[in-house]
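A single chain, nothing else alongside it, follows as structure tokens in the form predicted alone.
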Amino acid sequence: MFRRALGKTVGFVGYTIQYGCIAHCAFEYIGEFVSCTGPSMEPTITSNDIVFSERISRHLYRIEKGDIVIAKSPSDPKMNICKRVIGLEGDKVCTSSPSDVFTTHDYVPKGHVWLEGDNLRNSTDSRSYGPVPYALIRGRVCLKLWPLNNFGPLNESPNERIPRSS
């Protein structure tokens, strides 16, 4: 009887470890569900929306201008940020805020991207902390899951800040 119970316990632990490893690989290499908070991506993503962030594009270096990404915050590595890619390495980007009297421009350095929130007046983004290293990108948001009435692919930027290819 003891041997049978031990065998079942070991079998259960083995299956638990296997499924845990499969889940880890899925979330690490395929994608994850993310709950977004804060006003920086409004109106595209509002607080408490749930999105799916796929990671394959990041691994294949397929992140493009206009994509919405989840990245580690350059100012707080414990926090993730959700922003839109405005510029890739070598691109000339506007580094000033909409309320600035004079506009300033800069080039995105090699291995970096320029990220901004869609809500320009209420977003802490690359205009505050500069270009973000590509390695901090965790995934590309491809689908809004919640609320259900907004289910589907995400809209294009409501701003005209994404520059044409230089």
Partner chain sequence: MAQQTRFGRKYLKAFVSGFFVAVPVTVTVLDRLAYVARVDGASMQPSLNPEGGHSSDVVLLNRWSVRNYRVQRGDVVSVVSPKNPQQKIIKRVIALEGDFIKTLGYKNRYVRVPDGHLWIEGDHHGHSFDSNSFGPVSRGLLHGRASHIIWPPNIEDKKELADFRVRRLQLMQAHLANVP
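Residue numbers count along the first chain shown, from 1. Since we're looking at a predicted model, the values are computed, not measured.
One more form of this protein, predicted together with its partner chain, exists but is not displayed; see below.
*Asks:* Which is the contacting stretch out of 62-70, 27-35, 45-53, 118-126, given heavy atoms within 4.5 Å of its partner chain in the predicted bound form?
*Replies:* That would be 27-35.
*Asks:* Examine residue 140 and determine whether its closest non-hydrogen atom to its partner chain in the predicted bound form is within 4.5 angstroms.
*Replies:* No.
*Asks:* For residue 105, is any heavy atom within 4.5 Å of its partner chain in the predicted bound form, or not?
*Replies:* It does not: once its partner chain is placed as it appears in the predicted bound form, residue 105 has no heavy atom within 4.5 Å of it.
*Asks:* Given that its partner chain is not shown alongside this chain, does residue 9 nevertheless sit within 4.5 Å of it in the predicted bound form, heavy atom to heavy atom?
*Replies:* Taking the distances in the predicted bound form, the answer for residue 9 is no, it never comes within 4.5 Å of its partner chain.
*Asks:* Does at least one non-hydrogen atom of residue 148 fall within 4.5 angstroms of its partner chain in the predicted bound form?
*Replies:* Residue-level check for residue 148: no, no contact with its partner chain.
*Asks:* Could you run down 109-146 and flag each residue that has a heavy atom within 4.5 Å of its partner chain in the predicted bound form?
*Replies:* Residues within 4.5 Å: 109, 110, 111, 112, 133, 134, 135, 136.
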